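Take a look at the structure tokens below, where one protein chain is shown in two forms, each on its own, as structure 1 and structure 2.
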Structure 1
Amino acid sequence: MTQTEPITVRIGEIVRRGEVIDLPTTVNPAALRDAIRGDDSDRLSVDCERPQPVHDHVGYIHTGMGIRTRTALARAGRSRDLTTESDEEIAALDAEITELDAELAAQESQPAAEYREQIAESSRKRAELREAVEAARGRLEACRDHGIDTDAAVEALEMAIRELSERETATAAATEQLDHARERNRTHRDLKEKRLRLEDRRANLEQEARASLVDKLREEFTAAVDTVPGSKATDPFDAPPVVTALAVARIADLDAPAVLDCDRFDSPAAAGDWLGSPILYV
């Protein structure tokens, strides 16, 4: 047994402790699995070690289950601290991806379309103001040509020129904001593309690592499948899911108990002895 501290199961007022605990069939085994993973309820709780990722595959072994054999086997290897040549690069990629995520959060995309609309509207108004400036200038010249007082015409021209200048400043500012938004968006796209490339590389390395771990455990897994009570598998990788899960659980280093709801063993004690790990037997 890998468990050093006894498991404690609380079902209402009932409390049971041990490394192999036989529970009544009225207990929901899926609820037991969830409680092992921290999803306790007022009526049901399981005090045990924190489950490792392999528990996702073999934490609840029952008829009708499914299992991804190689993924489960690789996680069994990780539970035993087995390593591969890909691990160092995977760790480096994880660090780089985390850093990229922080940059992406800081480099949120900008609403370039909004700035383009502002520039278009500003350009339209700027054209109208230029026409207004020319019209004011024409009125001023007409006043001069006819000897009419020019104060009002001069004031109108100055106001039109001032409004045009303000509009041109606003257009330049919107253009600058658009350029800045485009640059940020390019940077954002580049970071996302880089992250995708890193994710692809990481996925390939994970496949290589999984294959390596499966190779390291192949013989041990084959032997475990052969010794599962009632097993008739000729190819261990084509064994029924329950047989596969039991074999993986046997070779994994399970810190948290597995929930067994299958008829492969004569007794809970026999199941615990065969698995060599803590169990909750339903």
Structure 2
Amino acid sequence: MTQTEPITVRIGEIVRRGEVIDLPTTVNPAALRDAIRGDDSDRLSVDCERPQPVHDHVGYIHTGMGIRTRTALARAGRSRDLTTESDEEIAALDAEITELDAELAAQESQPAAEYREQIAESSRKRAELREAVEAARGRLEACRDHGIDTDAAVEALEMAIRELSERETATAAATEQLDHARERNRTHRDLKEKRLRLEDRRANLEQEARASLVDKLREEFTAAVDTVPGSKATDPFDAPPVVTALAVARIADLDAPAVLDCDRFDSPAAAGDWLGSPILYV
């Protein structure tokens, strides 16, 4: 137990201090857990050290809970500053990933969708304009064939051609912008791809680290499961969640208190002694 400052629990007007705090059963234990994690309410607050990751698993021990034994056990090991061979490489990868994230944030990905939409719209219009040019040309020829004055038809044809040419210029510009956007996005994706590889590598190492921590604590955990009050002989990795959580909490070096809502112990003090951790007993 690294805790030196006593914990302070405030529930409305009631204030309790200590390492092992007995609370009336009317208090909502889940709200206590949330308060420990910093989610205080006006009525309820818990002043304590910041909970470690293992607290996610054993911060609220109650009937009907679930627990991921290996992850919880590995985090209990971390709360005791146990290390593994993978740690150094994990830290190096974290640094690399942070660096990559900065690089990724610095280069915005390009809004290529906008250009795609412009191009699609443009080619639809272009097809229409081409038809309009053909039609105008047809009318001009008809005028000539029938010896009618062609001025209006010539003007209409010229206008249609101009519109088509403007449209073609716009399409070409959008296509060029899309090409540029694709080019820049490719660099962006190269970085993302690299990040993904690093993350995968990190996840593998994390798994190795977890396995190694579980290995280191296996005997201690088995012994802890055996001594949980009222626990029956069982495969320690297949014990009921409350038993598992109590054993993990005993192994862990908890900074923040665990909320205990189970009837395994004769008294809060007995629970505190067995766990060797600060607790809020409901």
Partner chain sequence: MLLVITYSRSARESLRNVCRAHEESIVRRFGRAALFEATEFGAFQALRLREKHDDAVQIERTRPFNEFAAVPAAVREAATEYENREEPAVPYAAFASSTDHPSKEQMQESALEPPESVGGP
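Sequence positions of structure 1, starting at 1, serve as the residue numbers. Throughout, rigid core stands for the largest set of C-alpha atoms superposing within 1.5 Å between the two forms. Only a predicted model underlies this, so the values are computations on that prediction, with no experimental measurement involved.
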property	result
Form predicted on its own - structure 1 or 2	1
CA of R167, rigid core aligned, shift of 2 Å or more between the two structures	yes
Rigid core superposition, A127 Cα moves 2 angstroms or more between the two structures	yes
Rigid core superposed: V154 CA moves 2 Å or more between the two structures	yes
Between the two structures, C-alpha offset at L178 (rigid core aligned, Å)	4.6
